[in-house]
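Quick heads-up: it's one chain on its own, the form predicted alone, in structure tokens.
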Amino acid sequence: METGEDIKATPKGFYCKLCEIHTPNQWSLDDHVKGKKHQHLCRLRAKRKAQVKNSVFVSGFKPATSSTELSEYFKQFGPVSEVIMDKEKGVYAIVEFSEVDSTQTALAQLEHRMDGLKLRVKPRERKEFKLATKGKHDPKKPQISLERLNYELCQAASVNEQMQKMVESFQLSENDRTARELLVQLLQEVFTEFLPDCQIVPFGSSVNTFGVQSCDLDLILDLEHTKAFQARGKKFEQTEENQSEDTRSEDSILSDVDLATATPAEILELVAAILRKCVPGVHKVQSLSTARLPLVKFNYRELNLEGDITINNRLAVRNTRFLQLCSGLDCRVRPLVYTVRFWAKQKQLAGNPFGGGPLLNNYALTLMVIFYLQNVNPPVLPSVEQLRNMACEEEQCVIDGWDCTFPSQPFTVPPSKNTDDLCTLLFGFFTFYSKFDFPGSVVSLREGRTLPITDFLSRDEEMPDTPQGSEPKQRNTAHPRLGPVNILDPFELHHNVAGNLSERTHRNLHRECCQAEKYCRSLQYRNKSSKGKSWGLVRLFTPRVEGCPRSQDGKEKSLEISIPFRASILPESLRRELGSAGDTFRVLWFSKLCTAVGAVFKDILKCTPPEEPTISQAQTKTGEDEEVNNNESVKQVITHPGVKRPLPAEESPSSSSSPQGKRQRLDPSAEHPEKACWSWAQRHQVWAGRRKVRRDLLKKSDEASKPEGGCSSIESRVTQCIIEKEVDPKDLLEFRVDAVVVGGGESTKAVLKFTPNNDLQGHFQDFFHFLESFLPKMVETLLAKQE
């Protein structure tokens, strides 16, 4: 098994070029090399190399020559295992022998003739073995060259012109829009034959004025009128013995399907069947009935276009109309959206080629831009609530209980008084979100302001979204899924469009916004380079570089782990307690979190206090108040207004009577610290081979398997098994953990900063990498059990 050339050391661990994956440490690398994927690719590569050695490249034969004729000719040199013909790129073939000697014999012959023509026979070209990825771009799809884009942007006279070029480069062309309209018409004609009075309605990027080349075609199949048609047919059938032809056809698919009682999965299968059998050029049809919005995916061969169809999703159509309205209200909206989207893709904040995953989608980014334009001074766009008040009575619209009212035409909305140019607005966007408290706030485009997250901790009442005097079809009692980033849909108020984001994506978003804001202050952003160097958006779009151990300012990255506030994982009693705490809820939550953090290190990872704690270890850099826990391994720093800073140990009047290593408890009544610190020693490699030990342990027990960090008792036993297997444990490392609640307003995130004190064998980086994923999961598991 060849691994020497496949593995490359990186600042963050190792990179396997064969499998194209990163591993953080040697233990993870060993597990990967022994894994099925790596070994399968090694075997496949060896097989391909053997095939190359056993093959010859043949050209010069007649176009009508078959693979059988070539096989018969080359059998004189030895057994032929396969003949691969390719007549699209040119008349040639690959002849593969069963033995290497046969290949050498064929190549040794000076001249080959077949059907009166001289054949050209040479060794098969040896190409580097590469892993084919599912996200690989189709060569038939038009792709925008980054080099070409950078050249055009550098030729622009200003950042404003660069942003206009972004729209011109990425927007759907007139031909693209026309082709999509024709496809919609084709689908409408086909589906009407089987589902009378149905409607195929496009929505999303194709029609909301923010579409890009090769974007998917999102469609809605509206069956409301079809259901009414079917109901009339049944009623008529009950009164008449012979049904008229214009009401119901014997060949209609409605004779076998009752749309009023059919499940969404049954309707999707019906749609998929019509696409497969009746729409020419459609292939790769797939029904996804378990998605958040069930849909049918398909591919249209003529345009090499991917599309999907959902059922009766009228809210999506209304969202599309809203984005169209925002685009028409101000000409600066589109350039800003296109620029921010491409920036996010270059920084790996959005644009997941495999779909889903913890990255921002284009819809969420567009809403972020609109929300910023609602809050800039003076506002560029009005809030959804203000738009509702501008609408006339005929424009009132309620869908599934949600108020979706806004003017249908942009000219009915007063123009903005904001005169900032695009360059200034883009700078303001990054400044706005570099200082934004995402974990503690909920973005509401409806009200045009942020809502405190405490408002969503214990909501049992219906959200006030319906207009007065109207009766919603159903009561919307579901809560939005809270996370590190919370952006409410403008109309479906229990849908957080950024609910899939992880804490890591939130950190990356904040970091990239801060770096972009810093760059936009420089001369390279606003002034065109006279020496032909990159400037403006070109430097802003510089792709994010993975594996860099230092930040851009040259400083070492701090070893920090953030644990966000997640109301959804807390027990109901604790949520009610936090909700009643008002603005001080974060302090109470932080106190509970400190207890869980201490339990993870002490009870689950079996960390112990350092051998000889000293006074200096217990003191903080700021000289603030301290509390020595009875555990001796936890030292919490209490910060309260009105409490005096303690005197140093040598100046304290009680220092002579206090035992060494102990200090008086300064504020026994303080129950909720805002800062905390711990000092720990780890004598065992509890992170090495942990998953394997866990799997072996679960095989012998009756406990249900849970994700790593999902069960405290299992993880504690895993640690104990690792400790028992170590023959000669040594003092591996000592480290300090400082925790603090951060964020403006309602801070809802705890930041734990790690400082290694004694790491002679260099194990702390591996230990910290393990903690990055394990500690937040384990702490949330323990918080979910607290009452």
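Note that the structure is predicted; figures quoted are calculated from it, not measured. A residue's number is simply how far along the shown sequence it sits, counting from 1.
The same protein has a further form, the form predicted in complex with a small molecule, not shown here; the description that follows concerns it.
Chemist: Using a 4.5 Å heavy atom cut-off, which stretch among 313-321, 326-334, 561-569, 115-123 contacts the small molecule in the predicted bound form?
Modeler: Result of the contact check: 313-321.
Chemist: So which of Arg717, Arg341, Lys675, Lys165 gets a non-hydrogen atom within 4.5 Å of the small molecule in the predicted bound form?
Modeler: Selected option: Arg341.
Chemist: Looking at Asp403, Glu503, Asp489, Glu577, which is the one with a non-hydrogen atom within 4.5 Å of the small molecule in the predicted bound form?
Modeler: The residue in contact is Asp489.
Chemist: Taking the small molecule as it sits in the predicted bound form, is Cys215 in contact with it (heavy atom to heavy atom, 4.5 Å or less)?
Modeler: Output for Cys215 is yes: heavy atoms within 4.5 Å of the small molecule.
Chemist: Hey, in the predicted bound form, is Gly448 touching the small molecule, heavy atoms inside 4.5 Å?
Modeler: No, Gly448 sits far enough from the small molecule in the predicted bound form that none of its heavy atoms falls within 4.5 Å.
Chemist: Looking at the partner-bound form in the predicted bound form, is His495 within 4.5 Å of the small molecule by any heavy atom?
Modeler: It does: once the small molecule is placed as it appears in the predicted bound form, His495 has a heavy atom within 4.5 Å of it.
Chemist: Tyr363: heavy atom within 4.5 Å of the small molecule in the predicted bound form?
Modeler: Judged by the heavy-atom cut-off of 4.5 Å, Tyr363 is in contact with the small molecule in the predicted bound form.
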